[in-house]
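In the form predicted alone, a lone chain appears below as structure tokens.
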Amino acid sequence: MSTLWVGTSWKMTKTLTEARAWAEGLREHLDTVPDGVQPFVIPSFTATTTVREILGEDSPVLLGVQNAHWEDTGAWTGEVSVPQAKDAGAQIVEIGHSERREHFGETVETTRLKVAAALRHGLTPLLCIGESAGVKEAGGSSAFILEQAAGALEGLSEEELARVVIAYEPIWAIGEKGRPATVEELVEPFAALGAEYTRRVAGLLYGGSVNLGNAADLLGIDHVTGLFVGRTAWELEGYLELLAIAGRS
């Protein structure tokens, strides 16, 4: 059985005190992480070093950042480079989340540059792709997400591609106003992703209104090898239960 990835991005939540409490709780339960499950957590930048220090350098939990610039250094006020993220303890770089694309001008080209930067410095790119409700209603979901992925991964060798994780997060299914996707709605997009990337990338994850009630069904979809979770995993108990569900899948 392939590794099942189960991770969470905290987005713009948690103070250092809250981040510390969550990480300490997870550390105390690491012996309960099922075999074959790869946990990861992506806090906000301010909590990166705190979470790394608590979990420890040798922790089985991979640590990520929610964004990073494609240049190693330079006059990019407000940005953080991949080397800086790595220095803070990050092992994963989240790239191309739909909120970054919508509000901060992320494009297919900048995702390509960021994927390359992460790989150049030995970090795992977590590439997020996903279509709008309008694209879905027009029947173009599979073509749209394949184009997003292909643009970001253009030029990679098979060895580099094997280090990439792809998270399919349909825009209409994420966030507080998102509508949870049904299994039937996800079969076709994952069939398309699977045909192109199964056994070529490190993981094909699903994210979008994942909760304790639908996690097992989502993991049962062909080609899905993990979950990228928001609010359900922000409370430690929810995240631990998601890890347990993955262990039973």
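One-based numbering along the sequence shown. The structure presented is a predicted model; accordingly, all values stated were derived computationally and were not measured.
Not pictured, yet referred to below: the form predicted together with 2-phosphoglycolic acid (PGA).
- The stretch from 78 to 86, 93 to 101, 139 to 147, 117 to 125 that comes within 4.5 Å of 2-phosphoglycolic acid (PGA) in the predicted bound form, counting heavy atoms only, is 93 to 101.
- Shown alone here, G151 lies farther than 4.5 Å from 2-phosphoglycolic acid (PGA) in the predicted bound form, counting heavy atoms only.
- In the predicted bound form, no heavy atom of A23 sits within 4.5 Å of 2-phosphoglycolic acid (PGA).
- In the predicted bound form, 2-phosphoglycolic acid (PGA) sits within 4.5 Å of a heavy atom belonging to S209.
- A residue is said to contact a partner when one of its heavy atoms sits within 4.5 Å of a partner heavy atom; I174 meets this definition for 2-phosphoglycolic acid (PGA) in the predicted bound form.
- Interface residues of 208 to 242, taken as those with a heavy atom within 4.5 Å of 2-phosphoglycolic acid (PGA) in the predicted bound form (partner not displayed): G208, S209, V210, F228, V229, G230, R231, in sequence order.
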